[in-house]
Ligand SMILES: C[S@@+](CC[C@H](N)C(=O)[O-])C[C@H]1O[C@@H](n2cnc3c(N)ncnc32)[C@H](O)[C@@H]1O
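Form predicted on its own, single chain, as structure tokens, below.
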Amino acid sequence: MTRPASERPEEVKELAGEGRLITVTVDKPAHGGTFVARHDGRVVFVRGACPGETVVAELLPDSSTNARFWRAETIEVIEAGPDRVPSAWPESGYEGIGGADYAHIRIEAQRRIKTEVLQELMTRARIATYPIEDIQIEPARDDHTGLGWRSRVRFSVDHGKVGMRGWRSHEIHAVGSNPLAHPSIQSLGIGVWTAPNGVVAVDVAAPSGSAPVMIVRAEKELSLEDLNLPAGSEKASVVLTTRSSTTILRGDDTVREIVGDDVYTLYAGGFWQVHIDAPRLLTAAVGDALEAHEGERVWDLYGGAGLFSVPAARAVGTQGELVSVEGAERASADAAANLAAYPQAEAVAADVRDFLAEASEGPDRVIMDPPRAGVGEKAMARLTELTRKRMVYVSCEPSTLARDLRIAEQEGWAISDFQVFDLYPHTHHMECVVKLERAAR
């Protein structure tokens, strides 16, 4: 909301007297979905603001007098900036869910802000082989609103209340219309369901080639009748998972995903790109960057169920070799099944660091799509030593990507292309595809 300071409610004035509310003018964006402000010389990271705005913000409990910096959440806008719009997801505002940091910002401005954040991270990492100003974020195909894109959603549950956790909080809040979720997830009605005692979370997948799947995580065994799921979910598969067992209560625990002419089968709770257009977009971007040739040896590290492995196996042909390396055994088994038509492909269930440490011969080209922690300094240095021609790094966490790219440059590699896609609209997240080659000497 935006109101003159003179019209602030009495409770705001009282809290301000206690020192938990501050009035600040926010400046540039920070990595993590907040914006930088200063209060009496101290840096404050403010959520729910826009660049240039003056806001009243409530300090989080961990913002103590001795803290190096404070964190705060906007509760009132005194002077709005030009990028502010009515929130696409009102439940993500003050004391709301934590999964839509930019829902109150114009979609075009979100992409400009993400570009600024990414460029700043690469500058701080002293990336030297690629022009920082050329790094620009692109939208997914036909994504003009940034709504309805999430094909995977996790709902938290506390004493029957279903919702999502708040920003830097364990408190669960209602999701409302849940506008970022794919329509087939919205139609299930999970957000208004009251879960029975023992349910702690629900993961929902809306695949492109099969019915939705609900994975109910519980502390005890429950039947389909016990769950009493909402009417909209009658066509969804239902899987119950406890610490000791997994039980299919209805349907199947696998899903089918269609990417071009390829059909992938994988565990419903396994990793898959979340944005509905991401598999198509990223396989094209990775394939173009990798540029694998027949007879070559390619590694797909952190390969998951084989999204990038299948087209890479085709590219190297029967005289080549494709090795998918994935630490999760179920995902590696899914990759093996998805690669079954390609005798030149092998799926290895192993930790990537262990695999690299034991490797005696390197590949011609490498794909890597690590979790948010990134590849890591030691493993990245080892990859630069083993790989003969090219590496393609796919990342959803720009801070660890910047660290790993800097290591590659120090080891004699250069960035020859850097693509960024807005595959997480209304959040601060982004997806990068970076092509690396040995630097000319």
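The first residue of the shown sequence is 1; numbering continues from there. The model shown is predicted, which means the values in this text are computed figures rather than measured ones.
If you look for the form predicted in complex with the ligand, you will not find it shown, but the lines that follow are about it.
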* Structure fact -> Answer key: of 269, 81, 166, 327, within 4.5 Å of the ligand in the predicted bound form (heavy atoms) is 327
* Structure fact -> Answer key: of 293, 124, 353, 141, within 4.5 Å of the ligand in the predicted bound form (heavy atoms) is 353
* Just one of 201-209, 365-373, 94-102, 250-258 has heavy atoms within 4.5 Å of the ligand in the predicted bound form; which? -> 365-373
* Taking 25, 29 and 50 as the candidate spot, are all three within 4.5 angstroms of the ligand in the predicted bound form by heavy atoms? -> no
* To do: Mark residue 304 yes when one of its heavy atoms lies within 4.5 Å of a heavy atom of the ligand in the predicted bound form, and no otherwise.
  => yes
* Does the ligand come within 4.5 Å of any heavy atom of residue 193 in the predicted bound form? -> no
* Can residue 155 be called a contact residue for the ligand in the predicted bound form at 4.5 Å between heavy atoms? -> no
* To do: Spell out, yes or no, whether the shortest heavy atom distance between residue 273 and the ligand in the predicted bound form is within 4.5 Å.
  => yes
